[in-house]
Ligand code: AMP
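Presented as structure tokens, the chain that follows is alone, the form predicted alone.
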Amino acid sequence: MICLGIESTAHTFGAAVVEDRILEAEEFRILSDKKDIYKATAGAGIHPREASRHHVETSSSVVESALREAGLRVSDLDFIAYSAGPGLGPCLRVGAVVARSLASYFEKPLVPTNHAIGHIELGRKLLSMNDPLVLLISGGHTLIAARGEGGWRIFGETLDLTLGQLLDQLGRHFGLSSPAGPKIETLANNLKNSEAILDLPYVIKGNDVSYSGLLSAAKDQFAAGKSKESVSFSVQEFAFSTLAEATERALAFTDKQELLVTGGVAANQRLSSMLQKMCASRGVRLGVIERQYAGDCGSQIGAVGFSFFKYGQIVKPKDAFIKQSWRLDKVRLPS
């Protein structure tokens, strides 16, 4: 079966054509994956209205490019999936309208999907993982979860800022534009050996993490004259260490033998190295989604689209919906 996946939850409008033989032995293939990303001005975050305007202007070319690279037409598709949430309302509406219009005109089944599960399903399929513990880290999510009967269970999450928000807000304080994670990583890697790690809050409560105090303390250190490199390095060390600790606790509790790391921040090499050491000590297989698919993309929506389609989660185009707040553990699917 072939699906067109449409992603528009935040700064990215993406479209991908993916194939999966869900009625036979599972065989997932990405035939094309195209995207266009809204660029915020320096020192600013994502403006929902401006991002949605960007999506309106680029959606046609992105979808056409994805179909052209796959060598297919809309009429060749078996169904169309779109990101129904969670995300920014104005951005979600653009993707929903595009998907609804195509499904209505070409009389194709329409499948609304959960963006977070899309990150997970794409990683699981690409890394050939069956039942992993999942660490989902991005601008919209920081959580540790595992699949249970009828849905997903969360074993730990952020109590305030997500890891992506922490890095983005620190970047904006430095005068950088969002997404700032890769720039913060570069600054951290440029730290001189003579500079010591800064004293910042290490906050973990049970199996949940908190980053708001860490961000405030980092801003104070920067105001006191510490370099961007030193602050970036120290923030990464403290934030990643708390997350690795919480993840190890969840591995011990669930007794999982696989750890899947996905989402935009999964591309950070320092975090991967910390998790690799932790997993090696426990004899756990670590799978980190490749950088190309770590961030938001149409492939993740196509990947989860097959699961939703398989379980009959299909709507008529006139009933297409969005949910700005749609927690992972509120999605109910058959086991």
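Predicted model, so just to flag it, every value in this text is computed and none were measured. Start at 1 with the first residue shown and count on from there.
This next part talks about the form predicted in complex with adenosine monophosphate (AMP), which is not shown.
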Among 179-187, 95-103, 250-258, 218-226, mark the stretch whose residues have heavy atoms within 4.5 Å of adenosine monophosphate (AMP) in the model of the complex.
179-187
Can you work out whether Arg291 and adenosine monophosphate (AMP) are in contact in the model of the complex, taking contact to mean some heavy atom pair no more than 4.5 Å apart?
yes
Answer for Leu275 alone: is it within 4.5 Å of adenosine monophosphate (AMP) in the model of the complex, judged on heavy atom distances?
no
Using a 4.5 Å heavy atom cut-off, state whether Gly140 contacts adenosine monophosphate (AMP) in the model of the complex.
yes
Even though adenosine monophosphate (AMP) is not shown here, does Asn268 get within 4.5 Å of it in the model of the complex, heavy atoms only?
yes
Just to confirm, with a 4.5 Å cut-off on non-hydrogen atoms, which of Gly263, Gly118, Gly87, Pro132 contacts adenosine monophosphate (AMP) in the model of the complex?
Gly263
In the model of the complex, the residue from Leu243, Leu167, Leu122, Cys91 that sits within 4.5 Å of adenosine monophosphate (AMP) by heavy atoms
Leu167
